[in-house]
Ligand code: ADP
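Next comes just one chain, in structure tokens: the form predicted on its own.
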Amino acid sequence: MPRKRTRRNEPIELPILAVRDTVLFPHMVAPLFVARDRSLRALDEAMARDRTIVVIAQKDPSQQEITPDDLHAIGTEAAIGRILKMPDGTVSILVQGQRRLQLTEVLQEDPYLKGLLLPVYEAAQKKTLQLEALMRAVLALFEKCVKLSKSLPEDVYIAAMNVDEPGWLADLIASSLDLNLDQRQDVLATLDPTKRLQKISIILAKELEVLELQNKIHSQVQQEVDKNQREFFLREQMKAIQKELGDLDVQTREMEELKKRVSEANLPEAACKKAEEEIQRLAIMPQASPEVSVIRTYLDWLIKLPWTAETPDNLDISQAARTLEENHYGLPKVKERILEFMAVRRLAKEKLRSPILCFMGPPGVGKTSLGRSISQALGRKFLRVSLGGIRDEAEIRGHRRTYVGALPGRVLQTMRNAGTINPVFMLDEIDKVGTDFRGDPSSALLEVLDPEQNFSFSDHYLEVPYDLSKVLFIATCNILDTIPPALRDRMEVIELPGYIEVEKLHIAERFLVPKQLQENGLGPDQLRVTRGALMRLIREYTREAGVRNLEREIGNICRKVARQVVEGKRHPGRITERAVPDFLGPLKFYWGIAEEKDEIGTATGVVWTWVGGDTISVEVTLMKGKGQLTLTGQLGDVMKESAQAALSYARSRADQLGVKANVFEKTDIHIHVPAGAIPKDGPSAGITMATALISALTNRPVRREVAMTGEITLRGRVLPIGGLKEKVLAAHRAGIKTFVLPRKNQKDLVDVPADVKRELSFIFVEEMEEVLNNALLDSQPKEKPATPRGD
């Protein structure tokens, strides 16, 4: 039922529909979407009454919850037509504007907005010449805009031609143009029809300037495109004619040659597509352009990289084992891991992912040469890249082609030299990678050394994925501490702890001596180095985990003999243990040896160093004083704490040990570990310090043929330690007969050579009392008591 019309100036009450992104003009039909609860209730109220509502735009379209202050003053009365309910709960309505209304008061806010509005009537306009001219000018501008714009249909102009009222004409054009919300509201709020039409005239003039400029730009672009298309068409015609005549120009021959190389390179789909795009760019580019050389270099890299070429693996396990044994002595864990990889690859074939190995060990133990032996055993090519000192991420990923002289990173450069996609790739000194303002190369290595990612390695220069999943990566490092945890987690770390004496002796006999004889021009009949001489070189002239210095000393002897041969002098054909000082001078290092006699306050311990195991003596002296403890010998914090724990244990067991408690208050204790120039640290000397201290307190000598290692607790428990193999060998070398060690380390004796275990007596202990029972003799009376023993 239609609403009863009110008097001309009588206010009316209507539900308010607040809209955010549109302005409704009188006489215009527009669709609206209603989603907010208050708006839906206002719509229900209007439908229940007379299908009439007032549409008012918000001042801030982004505001969800509005108040009366957020609404504009001028809105439009609208008749509601079609209503559609959407699946998401919103409502789509079709409304037609009726007349302008001015909001004078908001009567209610909940459950919906309801306002008191005053109708705005336009005064009848006389058709003056000025008004007629303005309407014609507006229509002429609007006609030009419709012709230039793709978004304005011609029907809009036809409708505008049939409008006689200036206000209605202005509303029609304003609703058709793509104006922002503020411009539309400004037109709606202009109540005088003539002024409203003048504003539309200004807006149309600006819009026409923009459309003319846009059309001009479009025409210029189209002309350029047409010109390029015409040139391309003519060039293709010329190529066809030259091909028929058998007279191709240089550029055409180069393009054909490049296409042939790309087809023969058997590139993956992505790389082939990229190469074809670059060839097309190169074909239409002038030869004098500087970009030509950049594209040619890029295509050359793309073609010469190995994409599918693969070296067949040698999966003969027995032959590989023989190759590894011939090239390297010892290192059983590394050899076992490589043979396992070959066995699994033989069974799994293409499904196996190549492991990422990391050889960790001190310098000179043969990490790099072991990588060469692995490549030889597998029958693969060997590549090596030194990462020491690299600080630029581009060294790994390359530079983008926008840079002058850009190249791929070292990974792809090395792969190009290899010519296959499955080499043995050694990343040497991975712990020496640096970081600065140019990036973090170790982070770039995360993708290279991750089997989950490196099948599509992305190089900045190449810009197409490259498959590195078939490469056997082997990294080397001296320590793991400087390698980032994320990178360390991607690698399978295999520790090379260093060679023991026996291993060095075998390496020298099998590899180093023959190599140095050959390099210095000597034959086996001219010079022979005895086993005793080699052992003396190892013990007294070198101190290292590897064998580099040992090889240098052997080479030094060979050079001196070679000089004697050349000068015609009499030279020894056999280097014995006694002859070594004649060639190399006095000994350079002293190895630990057992004590000469049983002494009070002196115990023999065994330590692990980066060059192997060695024996040390712990000395304790008691003096009259005030109970102070002095520690010397350049001890680390952990070793100092072990000394404190040993002293606390002795004080807590004073009654059981036969030491009066007040002796600790009147005696200064000095614990010293000789070789003070060498830093020492670690908990394994705990029971040695406790034994020497208790020996001094109880006046009981320590057995000279006993050496010990183990950590002590305050309760006297003996805890396990590390590096047992090297420590046992050092004790054996020093002439020790009995070796005291923690019971939990008994399982570690499996790595100790059998002949060493036969010559040593092992005592496994769990408590400090067991250590004392096996290490201390009965007490001896003092001729001159130098230290107080209590009252």
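Don't overthink the numbering: it's just position in the shown sequence, from 1. Keep in mind the model is a prediction, meaning the values are calculated, not measured.
Keep in mind the form predicted in complex with ligand ADP is missing from the figure; the text below concerns it.
- request: Just give me the single entry in R184, R235, H328, K195 that has a non-hydrogen atom within 4.5 angstroms of ligand ADP in the predicted complex.
  value: If I apply the 4.5 Å criterion carefully, the residue I get is H328.
Contact assignment for ligand ADP in the predicted complex, among A707, I338, V365, I396, heavy atom within 4.5 Å: Comparing distances to ligand ADP in the predicted complex, the residue within 4.5 Å is V365.
query: Might S369 be said to contact ligand ADP in the predicted complex, defining contact as any heavy atom within 4.5 Å?
result: The answer is yes: S369 has a heavy atom within 4.5 Å of ligand ADP.
message: Can you tell me if K666 lies within 4.5 angstroms of ligand ADP in the predicted complex, counting non-hydrogen atoms only?
response: Residue-level check for K666: no, no contact with ligand ADP.
- request: Report yes if any heavy atom of F511 sits within 4.5 Å of a heavy atom of ligand ADP in the predicted complex; otherwise report no.
  value: Judged by the heavy-atom cut-off of 4.5 Å, F511 is in contact with ligand ADP in the predicted complex.
message: At 4.5 Å between heavy atoms, is K515 in contact with ligand ADP in the predicted complex?
response: K515: contacts ligand ADP in the predicted complex.
message: At 4.5 Å between heavy atoms, only one of the stretches 161-169, 634-642, 266-274, 503-511 reaches ligand ADP in the predicted complex; which one is it?
response: This holds for exactly one stretch, 503-511.
- request: Could you list which residues of 537-564 come within 4.5 Å of ligand ADP in the predicted complex, counting heavy atoms only?
  value: Result: V547, R548, E551.
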